[in-house]
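Quick setup: one chain, the form predicted alone, written in structure tokens, and binding and motion questions come after.
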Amino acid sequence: MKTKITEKFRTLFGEDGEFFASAGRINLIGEHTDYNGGYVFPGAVDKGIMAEIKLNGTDKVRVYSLDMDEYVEFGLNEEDAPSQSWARYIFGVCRETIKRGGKIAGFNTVFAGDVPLGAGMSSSAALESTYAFALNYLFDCHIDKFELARIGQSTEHNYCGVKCGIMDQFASVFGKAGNLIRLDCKTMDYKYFPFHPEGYKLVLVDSVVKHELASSAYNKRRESCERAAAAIRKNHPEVEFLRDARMEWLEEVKDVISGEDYMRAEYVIEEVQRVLDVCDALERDDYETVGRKMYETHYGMSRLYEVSCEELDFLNDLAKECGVTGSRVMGGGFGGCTINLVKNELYDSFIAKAKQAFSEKFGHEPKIYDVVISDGARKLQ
């Protein structure tokens, strides 16, 4: 990937720049909890975005996407926003950095990525974090790592129309090889947990399906959670987010909120606790409990939060049949991957069965990605 970027950069701009990279992410458990002030448990992976960048002495950004085979040029004022959705991520990062006092000027850049698109591994956060980190470094903005993650999140909110939580960008910026990170999305406290599961592999099975509706459905679920939290807050003023609520407090407002809002809130309150249970289990090397909690999350996402789909439920059922320790839909839902915790001795038979059975039912094979927990945003030597 680096060689191709260098070749294109030289062809377009006639010189060499500096290299930066950031990572996609997995999330072991804690889905749809981040915007509810809860805990998430992500790690950066060995797939991500790489960019070559050099300041060009103008007020224009000249950017080429190798993957899209597309060149875009834009200015740095609000009215200069490019129409191409992929370029808006980079424009948004520039604008959000400027809003925080960073002095950004024109630069030339070529980037490429190997994060599977649509697999729920957050290629967009990897792109945002690569450029947030790089611009902070190149323009000496002195912005801390937390604010770099927020720059990515604000880019999604203000330039890409997705009201995402902070998890994806946090994992891309703070990722550390061999560690998962428990992040409290309310206080922003975080803790690294070494993750070297002896005798197990983490593997993603990508359905290669992305159902439409994902972003509108995401925003609807967020609104459901906010309504449920507001109803509970009337009885318990200390409840700022659903993460502060208890199941018995949700029961108190069961007749006041819709059945749908109740189900969404039930899932979130249970999921916040599951993250803590999984962290406790990992400290005891108790992977059976970790796996059980993953299955519980899938059930909740499928039946209560209703963000799974036929393909993902099929893969989850198949994992159970094959004796896989833990399996669940990963990411926002409506397609993408299941994340699976598989005993080494079951790995080959599970993958073979998943490919064969899925292909027979849906007409195409799923893609398989072994997970390697790696470093987040960084400058490459």
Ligand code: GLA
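The first residue of the shown sequence is 1; numbering continues from there. Treat the numbers as computed from the prediction; the structure is a model and nothing was measured.
One more form of this protein, predicted in complex with this ligand, exists but is not displayed; see below.
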Segment assignment from 62 to 70, 41 to 49, 27 to 35, 348 to 356: heavy atom within 4.5 Å of this ligand in the predicted complex:
27 to 35
The single option of 138, 269, 253, 166 touching this ligand in the predicted complex, heavy atom within 4.5 Å
166
Among 74, 287, 218, 107, which has any heavy atom within 4.5 Å of this ligand in the predicted complex?
218
When the contact criterion is heavy atoms within 4.5 Å, does residue 336 count as touching this ligand in the predicted complex?
no
How about residue 331: is it within 4.5 Å of this ligand in the predicted complex, going by heavy atoms?
yes
